[in-house]
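Below sits a lone chain in structure tokens, taken as the form predicted on its own.
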């Protein structure tokens, strides 16, 4: 599950991700991180589900982080998209493909939110959420 974390400067000084990995043994992949002197925002992928995921999210919230579960990292504007496929081949995780009706389909589990598809789209129909 991909999760967006927002935290204050004070919370950023704590090794929250290192602690949760040590305590739970969960695999956590940092997909994107933006830090400023006042706050931070990070998108992570936690490789678990069910009760283990629920406990991990509770741990992050208890540590003072704002936690948002992401169902998707990118969004396709279907009115702009012409299904040209320009976004398919540059995708490093092979998360984009044509569906049966030749519309663009994004596999949310594979998408790493790198944004390469956004740059590749000639109609600017894809955006990060």
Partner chain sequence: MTAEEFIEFVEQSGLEKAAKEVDVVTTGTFGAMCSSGAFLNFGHSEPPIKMVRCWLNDVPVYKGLAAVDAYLGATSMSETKPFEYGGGHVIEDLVSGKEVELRAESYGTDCYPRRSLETTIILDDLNQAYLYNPRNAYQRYNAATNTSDHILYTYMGTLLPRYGNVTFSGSGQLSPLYKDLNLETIGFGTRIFLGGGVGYVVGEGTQHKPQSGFATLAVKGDLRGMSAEYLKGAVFHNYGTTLYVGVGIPIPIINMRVAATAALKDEDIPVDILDYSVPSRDRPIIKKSNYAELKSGKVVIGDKEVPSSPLSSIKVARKIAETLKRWIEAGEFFIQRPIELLPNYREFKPLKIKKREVTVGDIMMPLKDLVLAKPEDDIKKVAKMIIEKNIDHVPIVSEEGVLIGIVTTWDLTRALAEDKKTLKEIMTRYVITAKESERVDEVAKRMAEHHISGLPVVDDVMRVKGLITSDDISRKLVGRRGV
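Numbering follows the first chain given and starts at 1. Worth saying up front: this structure is predicted, and the values here are computed from it rather than measured.
Although it is not shown, the form predicted in complex with the partner chain is what the next lines describe.
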**OP:** Scan 28, 53, 31, 88 and let me know which has any heavy atom within 4.5 Å of the partner chain in the predicted bound form.
**Re:** 88
Original post:
From the list 112, 11, 120, 21, which entry has a heavy atom within 4.5 Å of the partner chain in the predicted bound form?
Top reply: 120
Subject >> residue 94, heavy atom within 4.5 angstroms of the partner chain in the predicted bound form >> reply: yes
Original post:
Going by a heavy atom distance of 4.5 Å, is residue 98 a contact of the partner chain in the predicted bound form?
Top reply: yes
Original post:
Does residue 57 reach the partner chain in the predicted bound form if we count a contact as any heavy atom within 4.5 Å?
Top reply: no
**OP:** Report whether the minimum heavy atom distance between residue 84 and the partner chain in the predicted bound form is within 4.5 Å.
**Re:** yes
Subject >> Contact segment among 100 to 108, 45 to 53, 31 to 39, 59 to 67, judged by heavy atoms lying within 4.5 Å of the partner chain in the predicted bound form >> reply: 100 to 108
